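Before any questions on binding or motion, here is one chain by itself as structure tokens, the form predicted alone.
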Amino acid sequence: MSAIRIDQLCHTYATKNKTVTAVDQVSLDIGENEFFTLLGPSGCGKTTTLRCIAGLEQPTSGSIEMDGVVVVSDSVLVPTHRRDIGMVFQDYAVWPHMSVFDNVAFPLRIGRKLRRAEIASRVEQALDLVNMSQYIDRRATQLSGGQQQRLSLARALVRQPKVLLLDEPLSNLDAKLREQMRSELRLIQQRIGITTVFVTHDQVEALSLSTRIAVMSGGRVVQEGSPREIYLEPNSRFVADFVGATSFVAGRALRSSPDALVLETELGTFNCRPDPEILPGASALVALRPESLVVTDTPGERDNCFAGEVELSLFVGEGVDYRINVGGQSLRARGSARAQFDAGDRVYVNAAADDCVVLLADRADSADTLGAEVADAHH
């Protein structure tokens, strides 16, 4: 059974000059205990979709079911407080004049008839879940950013909701703390088995946390799948470019077989993974991830090998990031930290056929055009 089912959701609003469609025909089916992420750039509709699920926005049309019960339709609008949800906002929204205990207890004291002992027990359980028990008597103003984030999460979980909604809760943390909280958040979600909908523009967060991802652009879902599918099998240039770093090489399909797809490009002939949808003569793009490109000082024996010159070499600890000029085009590559080429060095770039994803040119451009239209509308 679906925990959340969204069908043809639309939400529009008026500006001075025109009507903007923030959410456009979005349909999603989110299973119980899933960690489902809405991923996309600013203005793509992900937060508006989350707010419609929460009841903080009234959509223009479409329907939303939660646990089999309709909460939004043309004739039904269940208010937020009657939806079995907990929500964590980007700015945490903790009450500075309250203690940690009172912040977490607040949702249990509103509209509920729970005894003090029950409230105390639930608060202690929620704080223990987020490793905040030792701060129970501290004032919220005495907490660090990471502690406030945990406090906000405890307050969302104390009601023991069926659905947890997270609106970019890690964006205000520094890089090290964000990485730590990513792991803790996923462990907590797995431990209590709660359906979670997570909004972020950070592709690392989406890939590492999610069971499934919906990539959004221009108010629409442009691809939905597991993190591995989204990263390794993007269906458009927008997805390939937004989810991870990618270099694109334009070309035309020469021949196709069950074993390989061959493209002619400005850099030369590319042997790529097969794609039955791309026929000979079709304009296409080869999408190359940096980690799939092997940089050497001698020609390789892989399917695709091209000579180039290092434009930029950046040591980043676990590896070296390169920009390499190949035939007048700059390709991004990731090399080993143990061996580093310097700017000006002549090198060879090698790519295995299975690592070369091919996108039809019209399909590759569709999401880009859609995003540009929405950006123009916002301006």
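A residue's number is simply how far along the shown sequence it sits, counting from 1. Rigid core: the largest C-alpha set superposing within 1.5 Å between the two forms. All of these numbers come straight from a predicted model, not from anything done at the bench.
Unshown form predicted in complex with a small molecule; subsequent notes refer to it.
Contact with the small molecule in the model of the complex holds for none of 29, 171 and 209, as no heavy atom of theirs lies within 4.5 Å. Using a 4.5 angstroms limit between non-hydrogen atoms, residue 90 touches the small molecule in the model of the complex. Contact check for residue 289: no non-hydrogen atom falls within 4.5 Å of the small molecule in the model of the complex.
Proximity of residue 20 to the small molecule in the model of the complex: non-hydrogen atoms within 4.5 Å are present. For the chain shown alone, residue 41 is a contact residue for the small molecule in the model of the complex, at least one non-hydrogen atom being within 4.5 angstroms.
Of the listed positions (83, 178, 201, 237), a single one reaches within 4.5 angstroms of the small molecule by any non-hydrogen atom in the model of the complex, namely 201. Per the 4.5 Å heavy atom criterion, the small molecule in the model of the complex is contacted by stretch 44 to 52, the sole one of 61 to 69, 336 to 344, 44 to 52, 322 to 330. Once the rigid core is used as the reference frame, the Cα position of residue 10 differs between the shown form and the other one by less than 2 Å.
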